[in-house]
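Let's start with one chain on its own, the form predicted alone, as structure tokens.
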């Protein structure tokens, strides 16, 4: 038996078991306080220094290439086309917050994997939360239109040329022959704004290459650069829904699309000397005529394309 047990037994015989237990508890509490008082303080833990965040990559302060002041924004151009064409159907690739989709009052489809619409939409719209590639891979992606071809399409998705090119090539088979396709971000204001790797707050990417590609491979199309703010647009007419060359065009041009930075933007795009004035473009009677002729089985359109070709550029 230990010394402490012997003492406790003798104490119990004198004062009783309950008082002995109370005394033992008191004794343990005193010993604990005493031990804490004389014990050396624990060593302080050294605080680990947090690594400093990497310095942000500075954005290049590259001046914009001088160019004529745009007479319209991209949304004003799109609103004007809605008003003049009175489209039966409207397809939009790249919805974001719905600013452009809100311009439509007709049956519409909006495609975007991460849309966050924060304004009222007046149209009979189907919003599809997916990528454009997955959307077009569906069995009947435009079923919402009940067989009516697309009269107006706006492509403003991923700002990389291979994506925008696929979007156009996948859209054209669904277009009316009198239809109009608008692509955004086609006139970067300097080479940095056109970079594939984003370096600037306002970013056009290398989408401008789509206009170059279509001009090289599809002389049947009329590809009009339009001087709109902030980063220009392209209007495409003369569409051929039955065209069978889309795969060949993509395969022939994908290496050009993927060319690494820095991008070599044509000077006529940077200074917009190849672009037409947006107000003059909308002022033509072409758009109302397209609406009138869309029900013809084989609409005659060459006279309308000649009007568009007659527009002066660089103003």
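Numbering follows the first chain given and starts at 1. Not measured: the values here are computed from a predicted model.
This next part talks about the form predicted together with a small molecule, which is not shown.
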**OP:** Please name which of the stretches 139-147, 168-176, 88-96, 212-220 has residues with heavy atoms lying within 4.5 Å of the small molecule in the predicted bound form.
**Re:** 88-96
Original post:
Within a 4.5 Å heavy atom cut-off, is residue 241 in contact with the small molecule in the predicted bound form?
Top reply: no
Original post:
Does at least one non-hydrogen atom of residue 158 fall within 4.5 angstroms of the small molecule in the predicted bound form?
Top reply: yes
Subject >> 4.5 angstroms heavy atom contact with the small molecule in the predicted bound form for residue 75 >> reply: yes
Subject >> in the predicted bound form, residue 112 touching the small molecule (heavy atom, 4.5 Å) >> reply: yes
**OP:** Quick one: from 108, 100, 192, 231, grab the residue that has a heavy atom within 4.5 Å of the small molecule in the predicted bound form.
**Re:** 100
Original post:
Which of 71, 200, 126, 130 has a heavy atom within 4.5 Å of the small molecule in the predicted bound form?
Top reply: 130
